[in-house]
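In the structure tokens that follow, the same protein chain appears in two forms, which are kept apart as structure 1 and structure 2.
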Structure 1
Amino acid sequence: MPIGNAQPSVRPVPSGRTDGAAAEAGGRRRGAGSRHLRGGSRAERLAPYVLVAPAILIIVVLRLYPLLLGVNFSFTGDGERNGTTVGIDNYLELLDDSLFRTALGNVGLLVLLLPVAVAIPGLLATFIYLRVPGHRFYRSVYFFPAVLSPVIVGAIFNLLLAFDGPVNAVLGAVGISPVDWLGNPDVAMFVVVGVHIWATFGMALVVFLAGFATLDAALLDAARVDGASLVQVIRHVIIPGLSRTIAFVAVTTMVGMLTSMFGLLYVMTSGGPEGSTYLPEYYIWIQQGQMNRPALASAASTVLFVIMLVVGLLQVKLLRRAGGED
């Protein structure tokens, strides 16, 4: 045969060897991929704990540890018994103190007035959300008191509510006898709480407006089409839709009432008249700052913490039940 027509011989490669190499390479790739996925999933599981670790550390060091120290200190004595263990003597003394019992009674009054403190910013936020005329102006006006110092607010209302002040002058002009707003033990606490609500509801208003941003507008439109009144819309659409927001505002408002009224009490009444405006935080300051009884103040602080914890948990539970949540 001519040499030019000769065909080069090709030796076939066994198919088993090629398939085995390909399978081995694919196995290596799959193994590397599975290890990569396992490593990625492990990192994803650990990422939330790494992110919250600094916050948890700060809470433990600056909150939890001092709290435990305060609870431990409440079982020690004051004065001649300073540093010695006295058991529950401080707590028994609190129960025998009429001022502390008055402070606890005023805590009950705050709980009764809490729905008013939550309803006011809630209703105002509803009107702003529904865009009543002038809603932009009202939003600014309602929030303005929240930026004022409690000392300034207290001084302003001391002038307004003085026995010969503008409020009594207006009442006298319409034939109503003047009221001793800050000197009557039956009235003073209501006045201080009312001033506190006026000065702080701006923050709750902002929270409610943020909650309205998550509300389904289609439900409001459907309610309007069905001819629902404003009261029916609030009861059947807005309140169920904002149950979580209401729970948050209720808890934060109650905590603010229990822990943020010292400035108003100090400026407006100084705990008077006749101790009628005492709250636990003011009692704690008196015992620590004036009576030099830090152990008794620690016991009162522990009682205040337990009250806030119990009231907060009960509020959340009741509001969740009202909102139809488990």
Structure 2
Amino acid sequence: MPIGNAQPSVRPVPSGRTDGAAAEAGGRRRGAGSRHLRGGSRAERLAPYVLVAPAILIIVVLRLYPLLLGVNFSFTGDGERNGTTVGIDNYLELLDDSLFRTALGNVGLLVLLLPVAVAIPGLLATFIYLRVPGHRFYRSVYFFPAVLSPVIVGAIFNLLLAFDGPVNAVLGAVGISPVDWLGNPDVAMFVVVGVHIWATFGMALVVFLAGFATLDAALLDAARVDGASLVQVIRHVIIPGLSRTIAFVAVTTMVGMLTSMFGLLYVMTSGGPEGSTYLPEYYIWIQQGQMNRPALASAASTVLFVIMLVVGLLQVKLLRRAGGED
């Protein structure tokens, strides 16, 4: 993957400039051979700024400014206190709201389930790579759910997992008592995460297969010649060889779980039962749209933003480290 340390395409400006906006321009590094421009024309000196201006403007006007507005808004009140500054009242209310705590707890649960979400496509990709019988068929079938919208996936599983639905009918046929998959607060979150993994692992699988393409087949052959078992091959050859791919899949899967479960939750559980499947984004939506509490929703958004920032930075670090091992 091209990661942003490309050389600047225009001549670097003299060092020592103080313009913060331009300094932000995608973290472009100044080339080592940066030389001072002597008497370059005015237009030439301005060119880099003009060229990065569209990108900066889009980021500042459409991203950073609304973000700051939202943060600012989170310190104002709702309803009768609309527009007045209330300090950190909204944040205190969030802390006090057991529903929001459940939502944050579920974020933690997602982080804990991440290894499973990465291992499933990883294992399946390994089997396809090792050419199990029918691997061509599986390769296309596994990708299929990834093209379905979460609403359709949710509707399908709503039918399958209904109390009187086919899954429970199968369980009943083998003598297991029915499970209220989406009505039992202890299992509902796992079910929704499971469905989410089912619906999205195809994409990760493709990334893994691409990773396998870079794996040195000679290593595998050597391991086989040395009499390594399948588990040993996976443990000592495949996992080290694919560490970059695994880290990349972990990052994208985590981001996917934190930001795109809304559709599934909305269709499958509506945050229930008993509020057990709330995630922060669903909470934000409920507060803003249903409870008419936009300022509280802004506070929750700010908290979610901070969480995402921390998770994102940690993962970028992880990616860098995995990349460095190569």
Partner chain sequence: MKQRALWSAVLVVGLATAGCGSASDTSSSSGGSTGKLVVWDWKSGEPSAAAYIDKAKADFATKHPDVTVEFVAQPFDQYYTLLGAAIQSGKGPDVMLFNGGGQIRDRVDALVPLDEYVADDKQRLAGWDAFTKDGKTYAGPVTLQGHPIYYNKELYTKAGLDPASPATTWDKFLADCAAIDKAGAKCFALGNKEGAGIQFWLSALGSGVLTAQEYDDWIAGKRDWNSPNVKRVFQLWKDAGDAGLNNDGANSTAMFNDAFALFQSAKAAHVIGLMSDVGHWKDFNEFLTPDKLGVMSAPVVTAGTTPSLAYDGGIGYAVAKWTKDPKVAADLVRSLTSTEALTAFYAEAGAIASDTTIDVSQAGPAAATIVGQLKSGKPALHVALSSKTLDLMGRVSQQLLSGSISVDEAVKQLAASDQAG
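If you superpose the two forms and keep the largest set of C-alpha atoms that fall within 1.5 Å, you have the rigid core. All values derive from a computational prediction rather than experimental measurement. For numbering, take structure 1's sequence and count from 1.
Trainee: Identify which of the two structures, 1 or 2, is the form predicted together with its partner chain.
Mentor: Here the form predicted together with its partner chain corresponds to structure 2.
Trainee: Using the core for the fit, does the CA position of Asn292 change by 2 Å or more between structures 1 and 2?
Mentor: Indeed, Asn292 is displaced by 2 Å or more.
Trainee: For Phe75, is the C-alpha shift between structures 1 and 2 2 Å or more after core superposition?
Mentor: Result for Phe75: yes, a 2 Å-plus shift.
Trainee: Could you check how much the CA of Met308 shifts between structures 1 and 2 after a rigid core fit, in angstrom?
Mentor: So the C-alpha of this residue moves 2.6 Å.
Trainee: Quote the shift of the Cα of Val60 between structures 1 and 2 to one decimal place in Å, the two forms being superposed on the rigid core.
Mentor: The shift comes out to 5.5 Å.
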